[in-house]
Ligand SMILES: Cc1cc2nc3c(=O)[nH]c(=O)nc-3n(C[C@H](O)[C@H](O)[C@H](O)COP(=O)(O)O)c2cc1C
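Below you'll find only one chain, the form predicted alone, shown as structure tokens.
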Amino acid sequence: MKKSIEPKPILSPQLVEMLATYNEDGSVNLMNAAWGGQLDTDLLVLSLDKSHRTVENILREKCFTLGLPKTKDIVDCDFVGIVSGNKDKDKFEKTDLHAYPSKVVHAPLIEEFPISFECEVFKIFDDEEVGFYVVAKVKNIVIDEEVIRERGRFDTEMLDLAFFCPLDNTYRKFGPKVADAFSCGLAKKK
């Protein structure tokens, strides 16, 4: 038997997405962003609350980096997500993470994150009813070399990316392979 429920974030879990920007004084700001995704090969979209210091920084600089953390760094990632940069602008200094400047955009990269997107703001949507959205153009992707396999594919187990599951407010890790995409269904073509 099926039951109807109110709208919930069912399309999950999703990757933990960490937005890095520079504050006005040049210090590093890092935010755990709950809602984001990929629109196309080189376009990302983020749903953000305008009250975040990160939004102020993005609007000023028109760029940011989006890093995908490993599970081992989830405590620091959760910390910067629950502590406001408006109340503690030095929160990044309280983590065990290390930043270095991007060569592509005026934003920091986080050394510990195995994949980071260097992004420029493409478009901003600010609607009272729907929300505040940043669409960003991916200018470059920085990735740890040891996770790249033959033909440029990634070793997803070595990436060890963290996922956020809003259904039960937990962080999870990537599970085992279920099947090969774009080939497991070929048997049905016969």
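Only a predicted model underlies this, so the values are computations on that prediction, with no experimental measurement involved. A residue's number is simply how far along the shown sequence it sits, counting from 1.
This next part talks about the form predicted together with the named molecule, which is not shown.
*Asks:* Assess the spot marked by 115, 137 and 141: is the named molecule within 4.5 Å of a heavy atom from every one of these residues in the predicted bound form?
*Replies:* No, the candidate spot makes no contact with the named molecule.
*Asks:* Any chance residue 66 has a heavy atom within 4.5 Å of the named molecule in the predicted bound form?
*Replies:* Although the named molecule is absent here, residue 66 would stay clear of it in the predicted bound form, with no heavy atoms inside 4.5 Å.
*Asks:* Is there a heavy atom of residue 83 lying 4.5 Å or less from a heavy atom of the named molecule in the predicted bound form?
*Replies:* Yes - in the predicted bound form, heavy atoms of residue 83 and the named molecule come within 4.5 Å of each other.
*Asks:* Is there a heavy atom of residue 147 lying 4.5 Å or less from a heavy atom of the named molecule in the predicted bound form?
*Replies:* Residue 147: no contact with the named molecule in the predicted bound form.
*Asks:* Can you tell me whether residue 47 touches the named molecule? I mean in the predicted bound form, with a 4.5 angstroms heavy atom cut-off.
*Replies:* Residue 47 belongs to the contact set for the named molecule.
*Asks:* Could you pull out the residues of 128 to 149 that have any heavy atom within 4.5 Å of the named molecule in the predicted bound form?
*Replies:* The stretch does not touch the partner at all.
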